[in-house]
Ligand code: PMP
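Okay, so here's just one chain, in structure tokens, the form predicted alone.
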Amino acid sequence: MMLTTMRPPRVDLAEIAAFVAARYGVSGEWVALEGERDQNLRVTGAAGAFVVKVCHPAEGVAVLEAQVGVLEHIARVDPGLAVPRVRRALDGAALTELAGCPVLVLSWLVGDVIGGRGLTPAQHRAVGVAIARLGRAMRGFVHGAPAMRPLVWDTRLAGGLAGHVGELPEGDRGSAGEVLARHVGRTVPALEGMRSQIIHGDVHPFNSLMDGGEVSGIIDFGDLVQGSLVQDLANAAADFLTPGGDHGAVLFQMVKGYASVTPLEEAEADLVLDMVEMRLVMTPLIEAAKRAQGIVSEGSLTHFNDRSMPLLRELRAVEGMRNLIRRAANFAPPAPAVTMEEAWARRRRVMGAKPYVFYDPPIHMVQGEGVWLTDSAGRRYLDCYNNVPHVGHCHPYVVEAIARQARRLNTNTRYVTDQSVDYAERLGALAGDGLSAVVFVNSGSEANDLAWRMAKAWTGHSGGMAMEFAYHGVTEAIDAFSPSNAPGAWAAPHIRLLPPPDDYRGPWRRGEAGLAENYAALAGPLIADLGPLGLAAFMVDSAFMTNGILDVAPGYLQAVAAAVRGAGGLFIADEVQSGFGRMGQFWGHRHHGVVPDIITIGKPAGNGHPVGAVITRPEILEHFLTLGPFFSTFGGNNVACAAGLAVLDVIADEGLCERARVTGEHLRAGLRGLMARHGLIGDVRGVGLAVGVELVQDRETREPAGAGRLVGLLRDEGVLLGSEGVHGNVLKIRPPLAFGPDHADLLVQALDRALGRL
């Protein structure tokens, strides 16, 4: 490595003064300044104060041209950033030459160097902000010289100092060698894949200025290199540590300040501490290299020499430093590696001894992407069940919309904000048919609860109707509409349960005439049986999920809706499971050709972020509000609405309604193809990506066959789905809409293998 730490030139002051006066028109009182490689002076006169740098000729003109270029670039892109400005010569030259040495003249910045003074946490954070702002201003600057420069202070080149480890005090050699070996073997290769640009390279306390308690400038661009962006932060963080200080607080505040302007990538944050340690070790190694050349450090450089190795020992004595840096960079500490058994035991201790989970033993999930889930052992599972991550687990567009809005504003609808209005307008437009009034809540359960209240207010009735074995939520009011929550204990005297239009197992079978009329006719007596309560609302899931995902005869829901309205009631379409494209159209009720009075949506609308809404006619909402105001603190908050808007964008951009239709047809064809080999499959049905596979012990008698063992075998195959229906014998296939034909083929193949193992 060519060391660019060298003796500064020694040009006579009178010669410099005459030269600067003649070439730059600047004269006045001269004061010598320190410099590691350059002869630096300050001249103060009528034209102002300037720094005159008589540069070492070995530095190379190209490197100095890069310094000029970057300073002028910063002046253009961030004029308010306090860095020196280039003073050009009278003939316009940015660089001149005196006694064989390049000369550069810069403006003098207001403020005193920070070195030697203690800083408050807020001031340390401000230094981090200034470094990030500097890096942001420099990121568009391109020049070849910094990339070719073998600068000894470039942390990435620290391996070239290994030969000087033996010159350190004996007690320091072991730790220095360890840091250096780790740096060469792990850190430098990692840096090669990280963000890179031209960086300052040396923002230490004597290159940073403060005026009136505020950071007022960054000077000395002499260590300009093309390096990893995180180097500037790590170098500065190391240099701002002081013996006996609160090292955790210094690093936390500087990283926090930096990340507030330029968010760190997680891999960068995880390297900061290693690079801080390397910067500390480099100082005595470079000092040893200089001594070998007969060079003696002067000025501020002596501040760093004796402190570095003691600081390294102090820093290593601080527990949890890596996690502290991660938190400062807005990353949670990495989750400790635990076995599924340990996680299961912890959950039971704090969440109840009888937790409700899908599998026995349960799966410890740690990551999701698209249609895939990954457990703590690293195994991937094809998710054919979860409808909440509606457009795919951790969809990047939705995730970024949530994060972006969370960084900007998140408050409630008692303020007028854009996101809730935008989302309400989008939902109303998608609903159509006069359903343009929107009220936000946080979940499907809350939406159904509010819809029920609206229906009672509008009709003056207090009776309701739902499907047998329905599910609509967990609030006390909606539990009455959800007999599947506790089939053996359900009791709700104000609710009547309508037998499902099951054309496979019900009294009227597929292919018979009058299916829709016969099943719909069952509603009339139930409505009449409400007597003086009257019918306020009928609530239904358009996919009939809990009833086993039924193929419903055309006209059925239209006929039931007519009976409901004839009794003065409202028709509520619970679209939490069936909406947003799952059934091949945006709304599930459109598959049945019916227009509801109220639509309810829940968490799938936010791809898992808590979102709920009631969409209805304006007159229904206005009447409800005459009884008193309605407000949900978190309903319609900015982040929830940003998530909802993003989901709508993804559904449109990726054509997910059509994808669900096409993939669903492909999947059902594949599933029906298994029926010739596996008599356990009695029926395959559904619409779009709401698919049911009914299992029977005998196709003639249609005696139900339990689905539990098969669901477990599919889990062993790496495929997740559930079971549904009053007999628990229907495979419930309800994947994220990112599910495609290739995923459908994987499911069919896994099911074929699992059935073969029964």
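In this text the structure is predicted, and so the values were computed from the model without any measurement. Numbering starts at 1 and follows the sequence shown.
There is another form of the same protein, the form predicted in complex with this ligand; it is not shown, and what comes next is about it.
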Review point. Contact between Val576 and this ligand in the predicted bound form at 4.5 Å, heavy atoms?
Key: yes
Review point. Just to confirm, Asp541 within 4.5 Å of this ligand in the predicted bound form by heavy atoms?
Key: yes
Review point. Does this ligand come within 4.5 Å of any heavy atom of Tyr471 in the predicted bound form?
Key: yes
Check your understanding: At the 4.5 Å heavy atom threshold, is Asn448 in contact with this ligand in the predicted bound form?
Key -> yes
Study note, to complete from the structure: Here the chain appears without its partner; judged in the predicted bound form, the stretch of 70 to 78, 438 to 446, 255 to 263, 174 to 182 with heavy atoms within 4.5 Å of this ligand is 438 to 446
Check your understanding: Exactly one of His591, His164, Lys603, Arg659 has a non-hydrogen atom within 4.5 Å of this ligand in the predicted bound form; which residue is it?
Key -> Lys603
